[in-house]
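Form predicted alone, single chain, as structure tokens, below.
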């Protein structure tokens, strides 16, 4: 999705290639009747294992872990909680994948025959599937209408009755009281879904999809079915729809589109936003920039907490302000998340070199620019530049007042100014979200600072760390290069030219009409002076 690959696509394809090599010795022995096995061993075994138990060579790099097919616990189904999925349910997941996890969609890569054969082969891993017992889908009611009253009722039920906020938090960002202790049926830590990012919902992000998940639950995870709550008369089916509509309302109306540019709005007749929660930010459109785990430099990181950030920018011709917002369930370091951090480190780190410091680690954000404006499309290496093309960076940490500016000539070479900085910062953590605002003059006296040029595309990249997810150093989330474009003042000719055009058009119109009327008067006079024959 967008300019950077989605969080897990590169990982999944990498291990799919590994599984292809794993199975290459046996492919020649297969025939058409074993198409499902051939397809599985080539594309799936690298993550799910040859015997389907979810322990392929790539599984140790992934959270959540790949599905254990022997347990026949499928999250996305049209059947009741605890029931087996239908063939169409399994095929739908093969086709669409599981957004936000390592499972990509295969519809564009595999043929219809391969995917249908794969459905049947997956069922052979579990003794629970039987040719004599065909799973039956539930009957789902039709969607109700949504309006302000429905959303208000859905919010009340979400928080007070269905107790969704216990895991997902009041704002739906996965920061509920129970979230640090959530584990799946394999006893692996599993985050509560961020309900403000419906484009990453497993099974779909529209109200109809959410309603089905509320009714069926997500087997194998802490997400229960609310069918029993309806049967017990605690809520009605219509109220379940109200919850679904409310959850849908927590995300944007449309998924964030592909963008390469963050537009810095010019404030000509108003002051720049003075704080991170200034209402002026509400009028500035944000750009969503996806982030992915840093998997290039050792030690790598395959489980970043931050999968994307929203960036807004403004300037007044002298100063630039940049606000970055992202979901994070806690302000690290947080003692309540210490066990979560230890589990993640134990599961993800031993394969990647020196273990991280298990002491308190903060949340961090780095915004990176070239040291000088490049010519054309030339840019430094996106991972903090190199000796030939260093980068200029802004750094913020949750355990420190203020921000630092400095330079880097490669990852791990950051050098920051000790005093006399031109950069200021304001930060706030509330309702499972960080908001960090950097402010700096466009031009400074420091020759090592980048001068921000109005009207030109300024390369920009971002890096984020969640300390209580075991992230520090090279273990974090990264973006590719994007661009910050500071809007120019609107030339006076833009306003004068249309006005002049209107005046000239009106004058020309009067002239044309006047001449036409004069001709008519002259024509009438000639007729009146001509004698009758």
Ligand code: HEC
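Owing to the predicted nature of the structure, the values given are computational and were not obtained by experimental measurement. Numbering follows the first chain given and starts at 1.
The next section is about a form of this same protein that is not shown, the form predicted in complex with the ligand.
Highlighted residues 262, 289 and 345: none comes within 4.5 Å of the ligand in the model of the complex, counting any heavy atom. Looking at 279 to 287, 371 to 379, 394 to 402, 196 to 204, the stretch with residues near the ligand in the model of the complex, meaning non-hydrogen atoms within 4.5 angstroms, turns out to be 196 to 204. A heavy atom within 4.5 Å of the ligand in the model of the complex is found for one listed residue only; from 255, 412, 224, 360, this is 224.
This chain appears without its partner; in the model of the complex, the one residue of 312, 364, 332, 102 with a heavy atom within 4.5 Å of the ligand is 102. In the model of the complex, the ligand lies within 4.5 Å of some heavy atom of residue 74. The ligand is not drawn, but in the model of the complex it has a heavy atom within 4.5 Å of residue 48. Using a 4.5 angstroms threshold between heavy atoms, residue 470 stays clear of the ligand in the model of the complex. Taking non-hydrogen atoms only, residue 267 never approaches the ligand to within 4.5 angstroms in the model of the complex. If you take 94 to 132 and check each residue for a heavy atom within 4.5 Å of the ligand in the model of the complex, you get 94, 98, 101, 102, 103, 104, 106, 110, 118, 122, in sequence order.
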